[in-house]
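What follows is a single chain, given as structure tokens, in the form predicted alone.
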Amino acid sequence: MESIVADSPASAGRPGGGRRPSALLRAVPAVVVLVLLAAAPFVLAPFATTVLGRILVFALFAVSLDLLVGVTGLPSLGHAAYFGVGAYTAGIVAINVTSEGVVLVLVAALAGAVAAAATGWLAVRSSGVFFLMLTLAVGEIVYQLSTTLDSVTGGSNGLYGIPAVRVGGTALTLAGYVYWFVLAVFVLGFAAVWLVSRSPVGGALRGIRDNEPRMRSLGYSPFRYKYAAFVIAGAVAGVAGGLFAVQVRLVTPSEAGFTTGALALLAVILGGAGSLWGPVLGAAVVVLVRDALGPTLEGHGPLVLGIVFVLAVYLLPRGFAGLAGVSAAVRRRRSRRTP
């Protein structure tokens, strides 16, 4: 007996069903962007390549925050704490143990996960303003620790002298090689968050975000799911912090401060919470205005970011991802009108 999928109009004339071609078409833009990113060092100057690497680092950090804000419905003000923990851990290991890239990424992820597990156990039991205040307090505690523990973190001077990252024993000293390492880890980190978001766990997280009492009545444990999402987001933020230490080779307390977390939240809002790819674009806007345009604006980069944020709230309430949703809706309407 023939399957229903084979007989459905949507899959008529499509070998292998109706979903596979559309999935392949949706993957084409991602593949094109990935190829362009991989080829960037061949056409960009070293400084531009470095800025693009910073965008990828901050984008991974914003994606980890989007797992909390957009997917789980937990807006955090202290997410930079795990970014800073990962950065300091990677820097300390690189100075005292080894600068092998795989090791640095793994220890940064572990440090971020452990810090998130230790603090999230209490934070995710709250919600709303209380959750915001708890995460803000966590961020401030980590910031103060990074400032006062001079013998470990370097205090206000920062942790400097981080050696060049190594891959297979070879030190990556050129900007292009470091960028490719950052790109590879970014792709893996983004893929991990995307898989979690698209998995049954991600579906449960969205259900808890939209209607927690109903999910609890269906037998789900909101605390367990939110706690798992918090730990995963902390681990990915730690990886982003490790990449920051690898690329910049200097870690200061500001990496764990409120400003860093606020900029990541700004990137999520600009890109569109819950889309994952939208915060990548938002991170690009933040880094470009702060690092590329900031020096040419005589120190008025934060002012420009504020103006961009206000305009985005009024003109793009759903962020850049909302524009894609509008265009998709327009295409669906046109296809319905076409006989």
Partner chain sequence: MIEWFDSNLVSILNGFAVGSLLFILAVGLSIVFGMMDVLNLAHGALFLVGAYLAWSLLSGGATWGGFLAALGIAALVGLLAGGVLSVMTEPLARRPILDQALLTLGVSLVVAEVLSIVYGNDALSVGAPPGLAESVSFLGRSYPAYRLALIGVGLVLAVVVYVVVERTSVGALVRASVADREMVSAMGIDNRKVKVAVLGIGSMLATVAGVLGAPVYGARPGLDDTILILALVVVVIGGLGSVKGAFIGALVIGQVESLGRALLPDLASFILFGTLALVLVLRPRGLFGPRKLAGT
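Positions refer to the first chain, counted from 1. From a predicted model like this one, the values you see are computed outputs, not experimental measurements.
We do not show the form predicted in complex with its partner chain, though everything after this point is about it.
Peer 1: Since exactly one of 145, 228, 92, 167 fits, which has a heavy atom within 4.5 Å of its partner chain in the predicted complex?
Peer 2: Contact residue from the list: 145.
Peer 1: Counting any non-hydrogen atom inside 4.5 Å, which residue from 195, 117, 141, 218 sits next to its partner chain in the predicted complex?
Peer 2: Result of the distance check: 141.
Peer 1: Is it the case that residue 190, even though its partner is missing from this view, gets within 4.5 Å of its partner chain in the predicted complex, heavy atoms only?
Peer 2: No, no contact at 4.5 Å.
Peer 1: If we define contact as a non-hydrogen atom of the residue within 4.5 angstroms of the partner, is residue 75 a contact of its partner chain in the predicted complex?
Peer 2: Contact with its partner chain, yes.
Peer 1: With heavy atoms only and a cut-off of 4.5 Å, decide whether residue 30 touches its partner chain in the predicted complex.
Peer 2: No, residue 30 sits far enough from its partner chain in the predicted complex that none of its heavy atoms falls within 4.5 Å.
Peer 1: Is residue 132 close enough to touch its partner chain in the predicted complex, meaning at least one heavy atom pair within 4.5 Å?
Peer 2: Because a heavy atom of residue 132 falls inside 4.5 Å of its partner chain in the predicted complex, the answer is yes.
Peer 1: Using a 4.5 Å heavy atom cut-off, indicate which stretch of 204 to 212, 167 to 175, 235 to 243, 258 to 266 touches its partner chain in the predicted complex.
Peer 2: Answer to the contact question: 258 to 266.
Peer 1: If the criterion is a non-hydrogen atom within 4.5 angstroms, does every one of 137, 310 and 317 touch its partner chain in the predicted complex?
Peer 2: Result yes, every residue of the spot touches its partner chain.
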